[in-house]
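We begin with a single chain expressed as structure tokens, specifically the form predicted on its own.
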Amino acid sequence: MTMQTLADWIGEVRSVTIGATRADGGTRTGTVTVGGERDLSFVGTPPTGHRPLIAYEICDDRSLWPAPVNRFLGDRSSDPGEWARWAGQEYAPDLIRLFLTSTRKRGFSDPASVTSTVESVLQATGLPLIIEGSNDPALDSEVFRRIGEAGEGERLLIGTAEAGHYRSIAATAMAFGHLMIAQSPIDINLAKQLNILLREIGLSYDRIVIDPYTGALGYGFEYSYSVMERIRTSALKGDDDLTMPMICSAADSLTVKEVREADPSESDRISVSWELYAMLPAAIAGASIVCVRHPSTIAQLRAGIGALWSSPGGGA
């Protein structure tokens, strides 16, 4: 079979910019742009598009966070704003991804806390933000409205929309000028269908990032990798409904038995390994943003991406 080259592709992954500086009406110290590829990942000298970026994930209620990460963090993350500030200064991720885990606990009844949490993180770090709200349709409208209002002008990437609930998130994105994540369960056709639904209600394609859903190694990642490759090649072949950049998270990697039951003395090393060896292949498969929860994973993942970007098959 003949391998396709850049000249054979007719499509291009859309470029999406996250964050807004003061000149753009926001308060971020810088913005990041993902996408723009006209070839497969890390191909060409230099590769096309933008280098994959790393997002560090934090939350507002650590009771739902992986135990290995909680042990490593200790009391560093009692406050989401301070957590974001510390992680940004010490580990220098490209973005911060805030999960409002408090909204996902049974009996949540404090929507005002969403506003204060988002505002505190915005004040604590100048990095562009990804913010994950409720996954309960009964709460979505109020939670996402508060996220949108608190971050108005900041060009947040908010999520996560799924086929069963996307209207409240899309309404927030359109009303307050944000971007949104569209997640489908490891299926290229469902990913395309959701994007079409979002377009039909008025959300433009340059404001969507695809989350194809990523399992852990040995727990579904191999299938995720295949679907991501198919999404990328479909975009390059000209399928406009799949031309959005992709985002992937290693969250499931820290819930597998091998990590949960690791000897405490080996917990950090094993956690980092499981995240690294899921997210580096995800970048190779086409992810523009890869997300991790153990801060020690960031440096190793950055080194791996950098090596691939500057390799003979990539560029300087």
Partner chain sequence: MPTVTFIPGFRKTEVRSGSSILQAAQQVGIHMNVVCGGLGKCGKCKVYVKSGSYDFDRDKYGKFFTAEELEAGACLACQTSVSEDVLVLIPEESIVQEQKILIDVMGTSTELNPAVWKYALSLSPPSLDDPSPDLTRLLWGIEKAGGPKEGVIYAPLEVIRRIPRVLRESGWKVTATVVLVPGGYRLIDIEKGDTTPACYGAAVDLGTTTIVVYIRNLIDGSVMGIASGYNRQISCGEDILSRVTYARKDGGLKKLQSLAAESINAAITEAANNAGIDRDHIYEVVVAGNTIMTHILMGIDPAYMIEEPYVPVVRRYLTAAAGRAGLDVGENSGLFIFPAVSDFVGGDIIADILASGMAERDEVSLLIDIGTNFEVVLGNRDWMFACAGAAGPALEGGEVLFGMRANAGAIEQISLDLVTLTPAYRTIRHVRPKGLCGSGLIDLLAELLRACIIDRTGRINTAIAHERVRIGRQVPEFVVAWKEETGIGKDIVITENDIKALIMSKASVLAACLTLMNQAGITRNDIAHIHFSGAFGNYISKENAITIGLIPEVPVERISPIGNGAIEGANLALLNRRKKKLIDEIARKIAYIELNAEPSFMDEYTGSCFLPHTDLSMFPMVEEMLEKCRLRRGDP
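Note that the structure is a prediction, hence the values are computed from the model and not measured. Numbering follows the first chain given and starts at 1.
Keep in mind the form predicted together with the partner chain is missing from the figure; the text below concerns it.
Q: Could you work out which of 92, 139, 163, 175 is the residue within 4.5 angstroms of the partner chain in the predicted bound form, going by heavy atoms?
A: Exactly one residue meets the criterion: 163.
Q: Of the residues 78, 123, 189, 204, which one places a heavy atom within 4.5 Å of the partner chain in the predicted bound form?
A: The residue in contact is 189.
Q: Using the partner position in the predicted bound form, report whether residue 112 sits within 4.5 Å of the partner chain, counting heavy atoms only.
A: Residue 112 lies outside the contact set for the partner chain.
Q: May I ask you to check whether residue 193 falls inside a 4.5 Å heavy atom distance of the partner chain in the predicted bound form?
A: Residue 193: contacts the partner chain in the predicted bound form.
Q: Report yes if any heavy atom of residue 197 sits within 4.5 Å of a heavy atom of the partner chain in the predicted bound form; otherwise report no.
A: The answer is yes: residue 197 has a heavy atom within 4.5 Å of the partner chain.
Q: I need the one stretch from 94-102, 81-89, 140-148, 166-174 whose residues put non-hydrogen atoms within 4.5 angstroms of the partner chain in the predicted bound form.
A: Contact criterion met by 166-174 only.
Q: Relative to the partner chain in the predicted bound form, which residues of 219-240 have a heavy atom no more than 4.5 Å away?
A: Residue within 4.5 Å: 230, and no other.
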